[in-house]
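What follows is one chain in structure tokens, specifically the form predicted alone.
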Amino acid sequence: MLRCIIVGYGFLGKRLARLIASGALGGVKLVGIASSKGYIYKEDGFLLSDLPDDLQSSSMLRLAPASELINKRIADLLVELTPTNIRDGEPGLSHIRLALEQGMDVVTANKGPIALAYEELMELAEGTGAMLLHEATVGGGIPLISLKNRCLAADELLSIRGILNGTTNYILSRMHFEGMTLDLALKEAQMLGIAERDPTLDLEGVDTALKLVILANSLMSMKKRLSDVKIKGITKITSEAITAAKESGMTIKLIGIADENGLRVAPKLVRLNDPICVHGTLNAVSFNFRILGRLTIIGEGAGESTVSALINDIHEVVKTRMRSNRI
């Protein structure tokens, strides 16, 4: 039985904890949960009825950092779900490093550590024999990373082009179909919970750039950093520009591109019949392989669908460890 701890008890953490505690993931038991407030643990595993809505309400709460829980060495797997920090990747980066140093497998949805320190973390994982899986960092539940690494590993990926941010795609879609201004579409997105209270990282293209770095490094071995990406967001897109594009059978989308010319994120004119021209909160990514050619994959890029990526990465760890008789 794989013993799991979850660090980060927000939207994703709570949903994942309930799935594991309910027995929905065979071969896994939840033995610890941590947040910025402290942690709780139960070495024989949490039942669904044991899970608090808020860790602060638990009588088991220990007012100590998550690193203390990781250092207890009561788990085989860390699921790191703390908020993304694009400056230094903390605290998630330290959590992942600590777990990998101990030979603990790691599954994460945290973009910061993977975008900022991918090469270092993968070398650390290889050195200790640990697994580091991060499907959930890009594209929500869309299996972009596993598609290439598990299904098309022998084919060379030449380029990536796609829509990687659901918030900006929703805003641009509303501007295209309803004639809304950017400000009005943003306010609507915030009311619906599609956009953050501070949407800066989305609107300025930084979130897309982070995801592009992760894909370029993990699928194309490009060894890029966020500073290597040429970034232009959507803040200057006007209703008039959208209308002009529409009259030409096109629209404007925020597109991330990784190819032999480097990495770049910018609003681009896209034909309405282009396979990546999806609307609403959908993401779409077009891979260009040397042998296969173009392959486009579409799906929900955030929210509940991200749990699917997490449970599939956890399943991969369980399957691998069962084969190696480590659990």
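Being a predicted model, the structure only gives us computed values, none of them experimental. Numbers follow the displayed sequence, beginning with 1.
Keep in mind that the form predicted in complex with a small molecule is missing from the display, and what follows is about it.
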query	finding
In the predicted bound form, segment of 142-150, 121-129, 198-206, 78-86 with a heavy atom within 4.5 Å of the small molecule	78-86
4.5 angstroms heavy atom contact with the small molecule in the predicted bound form for S35	yes
H95 within 4.5 Å of the small molecule in the predicted bound form, heavy atoms	yes
Any non-hydrogen atom of P91 within 4.5 angstroms of the small molecule in the predicted bound form	yes
is_contact(A66, the small molecule) in the predicted bound form, heavy atom dist at most 4.5 Å	yes
Contact residue in the predicted bound form, chosen from A136, I163, A216, A115 - any heavy atom within 4.5 Å of the small molecule	A136
Interface residue in the predicted bound form among A109, I171, L254, A99, criterion: non-hydrogen atom within 4.5 angstroms of the small molecule	A109
